[in-house]
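Here's a solo chain for you in structure tokens, the form predicted alone.
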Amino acid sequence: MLAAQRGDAAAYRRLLVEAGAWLQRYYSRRLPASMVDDAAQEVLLSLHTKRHTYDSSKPFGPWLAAIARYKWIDRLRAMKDAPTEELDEELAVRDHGEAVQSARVLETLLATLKPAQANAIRLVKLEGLSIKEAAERLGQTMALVKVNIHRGLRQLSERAQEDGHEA
């Protein structure tokens, strides 16, 4: 800061970059993510306009932290006064029970397969990896991954039909 006050442009740029990084961390723990950048920029603007008031006999960190804290409190006050929408008491909330039960049934069925088959199906059919990516991750050939998927799906279909589920 002292070098920046003396007109050293490189030192001032470095100060702003380092202060900006610190402010991002400071506000990311205190404000909603959508407000972090704006709050950090507001403090950097204050630092720029008030840099002549910095007392070089005192440490810079606490001076910057004080500005950040005051701006944070201002943001909190503004959030309190911001208009909000009332939530309808009859707000429809989707029931995820069916999806949870389906995931449990699928995991139970996958557990009946050989690990190589279950892993290939998880990677390609559930996680969306390509055959090549799955083969690299599993340490298998692409042909073996295809065979494991084919055999595993056939066995899952048979087990699901035996249990009375649609395949």
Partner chain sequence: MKLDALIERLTEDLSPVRPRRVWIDALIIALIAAGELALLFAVGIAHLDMHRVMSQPTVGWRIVSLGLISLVSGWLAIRSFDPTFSARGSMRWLALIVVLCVAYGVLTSGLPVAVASIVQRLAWHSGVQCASKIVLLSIPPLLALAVLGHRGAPTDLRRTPLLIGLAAAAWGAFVFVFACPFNDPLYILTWYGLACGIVTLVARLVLPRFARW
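Here the structure is a predicted model, which is why all the values come from computation and not from measurement. Numbering follows the first chain given and starts at 1.
Below: the form predicted in complex with the partner chain, not depicted.
Per the 4.5 Å heavy atom criterion, the partner chain in the model of the complex is contacted by stretch 41-49, the sole one of 27-35, 41-49, 127-135, 103-111. Within 4.5 Å of any heavy atom of the partner chain in the model of the complex lies no heavy atom of residue 161. Taking non-hydrogen atoms only, residue 118 never approaches the partner chain to within 4.5 angstroms in the model of the complex. When contacts are judged by a 4.5 Å heavy atom cut-off, residue 142 does not count as touching the partner chain in the model of the complex.
Within this chain, residue 13 lines the site of the partner chain in the model of the complex, having a heavy atom no more than 4.5 Å away.
Residues 5, 6, 7, 8, 9, 12, 13, 16, 17, 20, 24 are the members of 5-26 with a non-hydrogen atom no more than 4.5 angstroms from the partner chain in the model of the complex.
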